[in-house]
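Just the one chain here, the form predicted on its own, laid out as structure tokens.
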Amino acid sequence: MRNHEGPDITRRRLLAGAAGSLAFALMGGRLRSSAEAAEPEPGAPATDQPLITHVARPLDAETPPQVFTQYLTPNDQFFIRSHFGPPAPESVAPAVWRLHVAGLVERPLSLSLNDLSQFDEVSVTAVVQCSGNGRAFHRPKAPGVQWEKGAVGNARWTGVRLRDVLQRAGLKDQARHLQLQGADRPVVASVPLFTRSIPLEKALHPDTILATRMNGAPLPLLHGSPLRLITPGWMADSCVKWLTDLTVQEEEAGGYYMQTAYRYPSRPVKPGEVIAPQDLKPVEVMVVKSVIASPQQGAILAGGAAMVRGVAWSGEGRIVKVEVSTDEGKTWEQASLVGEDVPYAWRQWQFLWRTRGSGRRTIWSRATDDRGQVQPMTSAWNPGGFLWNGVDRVQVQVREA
């Protein structure tokens, strides 16, 4: 096991990765999901562990929690989320795709995949999580896709540093934010584009990358091929897929998806309360969280002992402790942290539960990071249903030993 503070320098494989992504997308595989009656997105992968579909078109599907017994989430089992669905494969083919860098720069750029391949290739293992992961657990319920536990995954992303590309363009003194735009488009022209921005400090961080590969394979179309931004430690709304345009500017991006959506209160609020715009801030850094991967909800366990497994993560911190309770939180016992300990990635954990007696039991888990953040019993309500990180719970049935 090796700890590291930044991405690893590897080889240059950008062109091969993008070409492979296009070929994969054109295969037109069918995603097996819990909504078999609904036809999924073109290019969806086949998998032995069906994703849980919430919306068929555009496809919004989450990973079953039992998949999280693996350190890296397989590409074909990684959650899928977009507002409009992927662009047509031919529109992002290597021969026609370009990354445009404009705005407050000295030298506007139009880069092909071959141009990008001239930069040093780097890799970073990082959790990517939808901002609404866990929305279904908020009370009262917040509108939006009712994600439960699986709108998250841990993958090894490979590409080039965003910082290197911006330095090639040259930044002007007024530069403060980087606007992001992908190739995806709404079906109806009156619907706003999914336009986001990140502060320049995050854009220039050495771990922020433009990814073309995912877990060593070409980036799949549904996950952003040919190019996806990865902002390690931040929620996935900043990890823009099908990236085509970077615009350096002085202010945050305008538009619905930056100024209205993906914002949450900077103070506690009550349902129905009117919130002033100045009391809202953009969703950015992930909060500390753990998820129980095994046993599954409703499992029947033999009495005596059972191994409880899961994962825990925190945005820009690192997990230092996971605790488990099997008596409704009266007492907590420390789980063992196992596997790799890498910045931005999740940490695997396990706990040997000595069951006593029989009947219905609930297993709880909570995580603590190195910044002192502790997973709360429940998350503060917010109108967008963002950043849920309440203590995880799985109910099981224990048989007599």
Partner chain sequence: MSQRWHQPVGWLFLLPLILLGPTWLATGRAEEQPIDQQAQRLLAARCSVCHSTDLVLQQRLPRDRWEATVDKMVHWGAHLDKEEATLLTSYLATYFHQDAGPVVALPAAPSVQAGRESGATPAPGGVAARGAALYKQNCLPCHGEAGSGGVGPKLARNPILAQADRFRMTVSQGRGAMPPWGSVLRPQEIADIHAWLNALRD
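In this text the structure is predicted, and so the values were computed from the model without any measurement. Residue numbers count along the first chain shown, from 1.
There is another form of the same protein, the form predicted in complex with its partner chain; it is not shown, and what comes next is about it.
Judged by heavy atoms within 4.5 Å of its partner chain in the predicted complex, the contact stretch among the candidates 142-150, 314-322, 99-107, 262-270 is 142-150.
Within this chain, residue 88 lines the site of its partner chain in the predicted complex, having a heavy atom no more than 4.5 Å away.
Within this chain, residue 278 is remote from the site of its partner chain in the predicted complex, having no heavy atom within 4.5 Å.
The closest non-hydrogen atom of residue 84 lies within 4.5 Å of its partner chain in the predicted complex.
In the predicted complex, its partner chain lies within 4.5 Å of some heavy atom of residue 223. In summary, among the residues 191, 299, 305, 285, the only one with a non-hydrogen atom within 4.5 Å of its partner chain in the predicted complex is 191.
By the 4.5 Å heavy atom rule, the three marked residues 57, 137 and 186 all count as contacting its partner chain in the predicted complex.
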